[in-house]
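What follows is a single chain, given as structure tokens, in the form predicted alone.
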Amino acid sequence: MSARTFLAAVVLAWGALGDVASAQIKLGAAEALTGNAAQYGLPIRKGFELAMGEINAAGGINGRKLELIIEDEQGKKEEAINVFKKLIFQDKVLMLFGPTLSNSAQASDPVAQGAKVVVFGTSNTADGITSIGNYVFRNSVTEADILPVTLKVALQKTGLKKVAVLYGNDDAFTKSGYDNFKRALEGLKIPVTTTETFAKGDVDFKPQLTKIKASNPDAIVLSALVAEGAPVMVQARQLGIHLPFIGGNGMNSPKIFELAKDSSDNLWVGSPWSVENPAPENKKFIAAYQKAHNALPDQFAAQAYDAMHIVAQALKNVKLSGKLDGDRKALRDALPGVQFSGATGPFKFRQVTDKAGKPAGYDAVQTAIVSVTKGNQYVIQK
């Protein structure tokens, strides 16, 4: 190699390193921005964008700004798979967030695992998702962890002795919620007077509610997304059923006040996040969100906001080389060690195992806050 050629090579290499050092860090998000699940996906998007704005305003990650490519997966499994493939293979993102629903995650997360790209769920709580593999993470606390706590607090506060159960039997999230409610009820030795089901998209729940009323329970355990859960509560009140409802993550949304209106009282839910939590990190998040959107955030915005900060913490410990495969693995290796205290409280990961008992992905370790709805507000009970 001549001296001139060598010098040219050095200049090119230096330029490439300079490009890597100054380029934006490209992240992806596959969320439901249209359709029924958009009531969760749109707040999630706002949470990501709020956190990213804060991180970039503070100088980014080791001098590099974050860029977020957001695609609409419409809350559908097939679209989630398509969007995952676009973000991973066409846009070549470093990692991706999403999708919005557990049903979609069970279909699309294997795409990320197969490509060895971190996928980070902020709203997937069904069983088995992080068992898919060691590139699958989530900061949304599982129904298995939240529902027993919610039931126990409702039991202590209301004195209920027997419950009826109503759940969606054609969705991974609502079916997983039912399975976990069932285990928790058995553990607490609470009898079930009747178990009724519905399908996604149903609008008439009076036949099931009439059977529930006839079984004379003290409360109704409901595993549903708010699109079906809100009309369930409205129709129950119309039938003269004024019992407490005990719901999962899908019912923990301010949308319940908009959709169920005067019928939304006496709904018990659990989550690491509450708008009433006075922790300084939460008050800072709520104030920033209100300033940006002139509205209060919800659990889903809070979890997305924290997720972006968790990824940022991991990235600060990664020396990005510009070689995508290596950088994706380096981020995967850095994430499990992150401990963070944000809008949803103190957070860390715990590794789960797959069906064969081998180490797999990572679930959230957080403490549940149990609230009940009253007068269009969530009131903390524990």
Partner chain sequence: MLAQQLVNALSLGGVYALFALGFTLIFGVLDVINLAHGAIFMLGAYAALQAVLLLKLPLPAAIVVAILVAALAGLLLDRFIFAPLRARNAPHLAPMIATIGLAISINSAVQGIFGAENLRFPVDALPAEAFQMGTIRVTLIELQIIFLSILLMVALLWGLKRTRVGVALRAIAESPKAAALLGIDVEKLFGVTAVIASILGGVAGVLIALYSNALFPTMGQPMLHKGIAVVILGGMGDIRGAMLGGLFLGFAEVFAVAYIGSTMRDAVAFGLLFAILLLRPQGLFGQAAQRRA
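Positions refer to the first chain, counted from 1. Predicted, not measured: the structure shown is a model, and the values here were computed from it.
Just so it is clear, the following notes concern the form predicted together with the partner chain, a form of the same protein that is not shown.
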State yes only if every one of Thr197, Gln238 and Lys255 has a non-hydrogen atom within 4.5 Å of the partner chain in the model of the complex; otherwise state no. yes
is_contact(Lys211, the partner chain) in the model of the complex, heavy atom dist at most 4.5 Å: yes
Using a 4.5 angstroms cut-off on non-hydrogen atoms, would Pro148 count as touching the partner chain in the model of the complex? no
Could you tell me if Ala115 has a non-hydrogen atom within 4.5 Å of the partner chain in the model of the complex? no
Partner contact for Lys284 in the model of the complex: the partner chain, 4.5 angstroms, heavy atom: no
Answer with one of Gly159, Pro280, Pro207, Pro191: the residue that has a non-hydrogen atom within 4.5 Å of the partner chain in the model of the complex. Pro207
Exactly one of Leu68, Val318, Ala38, Leu324 comes within 4.5 Å of the partner chain in the model of the complex through a heavy atom, and that residue is Ala38
Testing 259-267, 118-126, 90-98, 295-303 against the partner chain in the model of the complex with a 4.5 Å heavy atom criterion leaves exactly one stretch, namely 259-267
